[in-house]
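Coming up is one lone chain in structure tokens, specifically the form predicted on its own.
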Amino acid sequence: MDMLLNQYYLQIAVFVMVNAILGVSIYLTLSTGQLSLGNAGFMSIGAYTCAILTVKAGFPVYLAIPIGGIAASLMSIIIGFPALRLTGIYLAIATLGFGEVVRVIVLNLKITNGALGISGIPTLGTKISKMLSSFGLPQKFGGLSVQQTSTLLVLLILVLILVFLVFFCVRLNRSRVGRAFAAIKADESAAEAMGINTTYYKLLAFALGALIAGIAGGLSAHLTFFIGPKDFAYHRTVEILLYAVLGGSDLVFGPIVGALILTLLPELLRSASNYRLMIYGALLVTMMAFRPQGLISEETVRFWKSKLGRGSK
């Protein structure tokens, strides 16, 4: 138990949760079958919006994070109208270009401090410690240090956010909107012939994905003291997409599992850091060859349900 409550492991668990939230964002973006590579750009919009509001405008963290998500969502609607007329690789290239445009703009703006980034961002752990002391509550529980207690509470908040997002996605999939998403993903032309407003639903999925990516960016900014343009470069876009490639994009749990594996894998491969990218590449080639649908898919769920059903009989 003491090992699990070690600050190092708690910190890794916190970043697993943030990446899992990003996994939900790419799941929603892919729910209409549109391959978007702009989530890192939306994440950077959310992160910088939150950092500027808290550091330079004095906004409270709990207010700045939703505003960052809304800012990312509004930007997605602006670029979504022209971009979502494209399909396949053309949409991927357009959204990837958007992410790079955002990074270059951030790099040249005075309010974002350019390449120097924004430092001195108040962390969620510090805010929670101050809140506990202001209410006269103990900052230590069960022999834990102040830092461990605050990190544990941050982890609990992130788990609750992730549970809410999973519940939201499950409910969405069972609704009329979710069925429209599934129809567009299966065959956009047939869905349009059936009277589904494909532009509206694709834009809605795009905006929801951007909203969650922006919130994840705000959370990420307030879990560290510093953010810079390099944090949201091309490699971040690839990482977010890999969550869905590895875990699968059919079910919301797929990208979450992918985020879990790809966040823990670098920690497990610290001794082989020089070969990390080669291992990533080999893993992806293996997945594309033997499990192109990802680790978790609808077929997998049906298979295990049938197995469990036979076992219970």
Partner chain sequence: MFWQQLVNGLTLGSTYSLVALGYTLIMGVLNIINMAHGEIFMIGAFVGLYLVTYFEVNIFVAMAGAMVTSALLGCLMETVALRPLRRKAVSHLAPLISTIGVAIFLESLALNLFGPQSQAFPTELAAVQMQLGPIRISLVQIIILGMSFGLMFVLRFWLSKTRVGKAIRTTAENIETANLLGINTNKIIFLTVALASGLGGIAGVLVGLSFNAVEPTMGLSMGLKGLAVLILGGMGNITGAMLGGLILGIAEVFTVAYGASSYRDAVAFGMIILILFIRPQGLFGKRQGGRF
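Residue numbers count along the first chain shown, from 1. By rigid core we mean the largest C-alpha set that fits within 1.5 Å across both forms. A quick note: this is a predicted structure, and the numbers were derived from the prediction, not measured.
One more form of this protein, predicted in complex with its partner chain, exists but is not displayed; see below.
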**Prompt:** Do A282 and its partner chain share at least one heavy atom pair within 4.5 Å in the predicted complex?
**Reply:** yes
**Prompt:** For V104, is any heavy atom within 4.5 Å of its partner chain in the predicted complex, or not?
**Reply:** yes
**Message:** I'd like to check something about A83: if you look in the predicted complex, is any of its heavy atoms closer than or equal to 4.5 Å to a heavy atom of its partner chain?
**Reply:** yes
**Asked** Is L241 close enough to its partner chain in the predicted complex to count, meaning some heavy atom within 4.5 Å?
**Response** yes
**Request:** Only one of L37, L260, V252, I52 comes within 4.5 Å of its partner chain in the predicted complex by heavy atoms, so just point that one out.
**Result:** L37
**Request:** Note that its partner chain is not shown here; using its position in the predicted complex, name the residues of 65-104 with a heavy atom within 4.5 Å of it, in sequence order.
**Result:** I78, I79, F81, P82, A83, R85, L86, G88, I89, Y90, A92, I93, A94, L96, G97, F98, E100, V101, V104
**Request:** For L283, decide whether the Cα shift between this form and the one not shown is 2 Å or greater, given a superposition on the rigid core.
**Result:** yes
